[in-house]
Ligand SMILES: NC(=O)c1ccc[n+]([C@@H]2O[C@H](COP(=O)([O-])OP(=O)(O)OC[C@H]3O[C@@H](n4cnc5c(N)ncnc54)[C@H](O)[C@@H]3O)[C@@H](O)[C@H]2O)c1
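There is one chain below, alone, in C-alpha cells, taken in the form predicted alone.
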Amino acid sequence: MNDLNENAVKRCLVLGGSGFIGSHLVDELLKRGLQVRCFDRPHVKPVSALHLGNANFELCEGDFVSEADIARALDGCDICFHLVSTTLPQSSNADPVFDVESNVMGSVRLLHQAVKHGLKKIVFVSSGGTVYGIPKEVPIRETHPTDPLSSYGITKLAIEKYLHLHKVLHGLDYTILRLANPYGERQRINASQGAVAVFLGKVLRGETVEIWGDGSVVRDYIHIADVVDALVTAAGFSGNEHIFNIGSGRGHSLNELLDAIEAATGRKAERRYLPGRPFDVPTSVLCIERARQALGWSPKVGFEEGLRRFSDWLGTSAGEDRH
C-alpha cells in the first residue's frame, strides 16, 4: 500500500516542519487534506507562512531533547516525519558529545514516546551523503558498507539502528530515507550548507564562488519536489524494505553545477579554486533502484529544470531577502 490517505491517517507530526524540507512537506500534506502538527523550536521563523491560515494546521513549539515536549507533540498523531538534526556534517566532529546527546538521545526518547502513544509509523530522514563514508562502488546501493567519516553520519546511522530495534521489540513501523543533496525553493542561500543554494546565491549577488579542489568533486543533487514526493510515498508504504536511497540517480561535478547555474541565470560565475580538502569524497552518487522497485518512486524534476525553478523563485535582485 503506497497511499498515505488510504492508511486512515488522521494527523501527521512533522518534526522540523518550519525548515526548508519540512515546510514543503507540510504544504503537501495539507494539500492532501490531512491534519498536520508542525513541531519546531520556539520563535523559529517559518520558511513558509502559506499554511498558517489552514484549519488543519497546528503549530507546536518545544525542545526536541525534552521528552515532555515530544510527548505533547505526539499526542493524537498517527505518522511522524523526523526531519530534525541539531548539527551539520562539516561541523559535527568538533563536538561529537553534543551530537550524540542531542540527536541520538533525543531520537531514542522520541521512539520511547512513539511506542507509548501508539504511533503507527515514523519516516526518518537520514543522510545518503555521510552514512556510507568513502564509496567502494558507485552508484552506492543501500547494501554498501557504512563507515561514516563524520559524527553527523554516525548519529544518523545510530538512529537508524534504534528504529530497527523498536520495530523488533515493539512493532513500531518505520521507513528510512537516505537523502542525497536536496536543493530548491525556500533553501537559504546565505547559509554554509548546500552547494547549489550557496553557489546560486553568490552568482546572483555577483560574488566570487570559492571551490575546494579543481571542481571535479561529484555529488548527487535532488530537487525538493522529488524529496517531498518520496517522503509522502514512504509514509504510505507497507513492505519488507525499510531503507531507501533517495537521489537523482545522476552525479554532477561542481564545475558542471556552476555551468548549469550560469545557463539558468544568464550570469557569469566568478570562480576561485582553493586547495582540495582531504575529507571530501571524490564521487558520491546514490543508486535509487530499490526506491523505484519497492516504493514505485522516481525523481521527476531534471537538474536543469530544478535550477531554473530555484533561480526563478529567488529572482535576480531578491536573493538575500529570500533568506
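Worth saying up front: this structure is predicted, and the values here are computed from it rather than measured. We number the residues from 1 along the sequence you see.
Keep in mind that the form predicted in complex with this ligand is not shown, yet the notes after this line are about it.
Relative to this ligand in the model of the complex, residues S107, L119 and L165 are all farther than 4.5 Å at every heavy atom. Picking from 125 to 133, 233 to 241, 111 to 119, 165 to 173 the stretch near this ligand in the model of the complex, with a 4.5 Å limit on heavy atoms, gives 125 to 133. With the partner omitted from this view, the residue of N245, S248, S85, S150 that lies near this ligand in the model of the complex is S85 [heavy atom within 4.5 Å]. Using a 4.5 angstroms limit between non-hydrogen atoms, I21 touches this ligand in the model of the complex. In the model of the complex, A294 stays away from this ligand, with no heavy atom inside 4.5 Å.
Taking non-hydrogen atoms only, V44 approaches this ligand to within 4.5 angstroms in the model of the complex.
Using a 4.5 angstroms threshold between heavy atoms, Q193 counts as touching this ligand in the model of the complex.
Residues are counted as partner-facing when one of their heavy atoms sits within 4.5 Å of this ligand in the model of the complex; in 165 to 200 these are L179, A180, P182, R188, Q193, in sequence order.
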